[in-house]
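Given next, in structure tokens, is a single chain: the form predicted alone.
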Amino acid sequence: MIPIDDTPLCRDGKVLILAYDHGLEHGPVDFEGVPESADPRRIFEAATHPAVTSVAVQKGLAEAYYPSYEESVSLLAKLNGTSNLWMGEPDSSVNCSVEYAAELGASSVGFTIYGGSNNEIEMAEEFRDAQEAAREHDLPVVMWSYPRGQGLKNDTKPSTISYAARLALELGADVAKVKHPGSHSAMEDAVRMAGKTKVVMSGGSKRSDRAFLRSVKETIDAGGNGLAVGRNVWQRENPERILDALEAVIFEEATVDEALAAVE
């Protein structure tokens, strides 16, 4: 592990990544509820919020939009990703090199691994190359650790999420992005399995403010280090409001009720 608390990825040891790789991974369907969310400038504007430690995007968005925001936003370059048009066993093409991410001004990089997929071995070898290259550039590495594949029956089972966190540690990720396993004790176990790798919760599909914040609070209370969130921010009409609440929960250790009261 490299010390990352003093890097742009962290604030006071906590992480809040605003993820916007969904245009590739999910396609236009994710922008239908709030059509203006299809405009990357809206998300980069949201990423200027002080709670956001980095914005995660694919290479094309970094090239096209990051230069206008490099003074106020930290870039996490997502190195791999595959469209939802792909119907095969879970896999993720490498679309950007670490070297090019560094040229774009990235202060960290992200990489997806689908543990349990028939393509896991190939993806782990690709991650090895990316992780070692990132070390040469002193760039923190965030693993999207998502167990998935035809042989995996339940990708949110607590033992599976703990395995996902451990996979990130074993392969050398500085931060593991994992799904919430459903309880405080299960998240505690995932954090324990991650060792020195920081654990952040995946935001997932849009939910009510209270339900979403409750899972974030549970993650922090279980020893997690924050959140990597997309739809639960930019699918809202007012992203700043939920970011204000997230800042209170993650960085100020407020309760859910306190955070909601502060933004009403």
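Sequential numbering from 1, following the sequence displayed. As the structure is a prediction and not an experimental result, all values here were calculated from the model.
Beyond what is shown, the protein has a form predicted together with another copy of the chain; the following relates to that form.
At 4.5 angstroms, heavy atoms only, are K153, A186 and N225 all close to another copy of the chain in the predicted bound form?
No residue of the spot touches another copy of the chain in the predicted bound form.
Quick one: find which of 210 to 218, 34 to 42, 47 to 55, 225 to 233 has residues within 4.5 Å of another copy of the chain in the predicted bound form by heavy atom distance.
In short, 34 to 42.
Considering non-hydrogen atoms and a 4.5 Å limit, which listed residue (I242, C10, A248, L24) is close to another copy of the chain in the predicted bound form?
Selected residue: L24.
With heavy atoms only and a cut-off of 4.5 Å, decide whether R192 touches another copy of the chain in the predicted bound form.
Yes, contact at 4.5 Å.
Do G60 and another copy of the chain share at least one heavy atom pair within 4.5 Å in the predicted bound form?
Contact with another copy of the chain, yes.
Would S108 count as touching another copy of the chain in the predicted bound form under a 4.5 Å heavy atom rule?
Taking the distances in the predicted bound form, the answer for S108 is no, it never comes within 4.5 Å of another copy of the chain.
Quick check on S72: any heavy atom within 4.5 Å of another copy of the chain in the predicted bound form?
Flag for S72 set to no.
Which residues within 104 to 118 place at least one heavy atom within 4.5 Å of another copy of the chain in the predicted bound form?
In sequence order, G115, G116, S117, N118 come within 4.5 Å of the partner.
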